[in-house]
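Shown next as structure tokens: one chain only, the form predicted on its own.
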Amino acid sequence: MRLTKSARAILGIATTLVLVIVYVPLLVVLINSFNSSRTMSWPPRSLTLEWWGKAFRSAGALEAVGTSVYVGLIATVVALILGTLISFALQRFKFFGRDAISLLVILPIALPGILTGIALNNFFRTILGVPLSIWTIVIAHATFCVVVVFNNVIARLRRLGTSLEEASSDLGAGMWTTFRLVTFPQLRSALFAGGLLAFALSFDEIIVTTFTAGQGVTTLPIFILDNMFRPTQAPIVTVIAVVMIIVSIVPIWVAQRVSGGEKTLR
């Protein structure tokens, strides 16, 4: 399809406008992290590294980072296991209700976070009768992290087909040998990309976390929300926001590079 000059110009302007709206505020946050003013006045009169030093010495911020990393890693491991198993079940086998199950697996990431948070809060406290804790956050995060892994793995399985696995079986290899030597090597990049995206999604999640976090459990997004309007903490929160931007961008960039570098088997 070829576009006219006017259509290309309109598309270019619209794309530029969207990118400016998305990324200029992020650039402002980055510059403000070096702003010497406590009130984050704009434009900055001078720049300083003081807030970066205080942020990396803040016990509350460091504890929140540790909690977010801990939750993200466990939720990612759970998502990798469940997402991979569900992908194989739905792609390799035909059974009644397969399409309905596929919809139910994908649904959590499509639902508004506040609905998921309220539903999980009621499920843990009312139905199960368990107190909210760091483990309820892990379970809550795993529900939507599974979707990311599932989408990556099932897309790869559809591209691969079953010819190589069938050839391996014909040559006498068992199920686990075929998986270890044939299937898994072809899925590694999809699993790696899905795991990175799942961790990034978990690391900066705020709405579901707010409804499923127990007393005294503070992830980094909750720490930011609790301190962003405190005058003495605002500059530190800005630094933490920059760190979160970097932590979110890097896994997504790596996942894109890994997924984009794969060649489709024919």
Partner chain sequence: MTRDDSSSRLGAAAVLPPRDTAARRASVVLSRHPRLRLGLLLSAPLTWLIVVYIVALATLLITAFWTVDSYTGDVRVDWTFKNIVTVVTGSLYHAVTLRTVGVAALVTIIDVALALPIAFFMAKIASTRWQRFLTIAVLMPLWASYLVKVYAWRSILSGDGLLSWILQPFGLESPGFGLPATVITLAYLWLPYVILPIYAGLERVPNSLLEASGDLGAKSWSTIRHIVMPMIWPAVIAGSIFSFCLSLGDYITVNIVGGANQMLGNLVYTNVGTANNLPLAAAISLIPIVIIFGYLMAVRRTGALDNL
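Positions refer to the first chain, counted from 1. The structure presented is a predicted model; accordingly, all values stated were derived computationally and were not measured.
Heads up, the form predicted in complex with the partner chain isn't pictured, but that's what we're talking about next.
Contact with the partner chain in the predicted bound form, defined as a heavy atom within 4.5 Å, holds for exactly one of 189, 183, 133, 116, namely 116. When you look in the predicted bound form, the only residue of 105, 73, 80, 160 with a non-hydrogen atom within 4.5 Å of the partner chain is 105. In the predicted bound form, the partner chain sits within 4.5 Å of a heavy atom of residue 199. Heavy atoms of residue 67 never reach within 4.5 Å of the partner chain in the predicted bound form, leaving it off the interface.
Interface membership of residue 172, defined by any non-hydrogen atom within 4.5 Å of the partner chain in the predicted bound form, is confirmed.
Taking the partner from the other structure, the partner chain in the predicted bound form has no heavy atom within 4.5 Å of any heavy atom of residue 58. Of all the residues from 4 to 29, those having a non-hydrogen atom no more than 4.5 Å from the partner chain in the predicted bound form are 4, 8, 11, 12, 14, 15, 18, 19, 21, 22, 23, 24, 25, 26, 28, 29.
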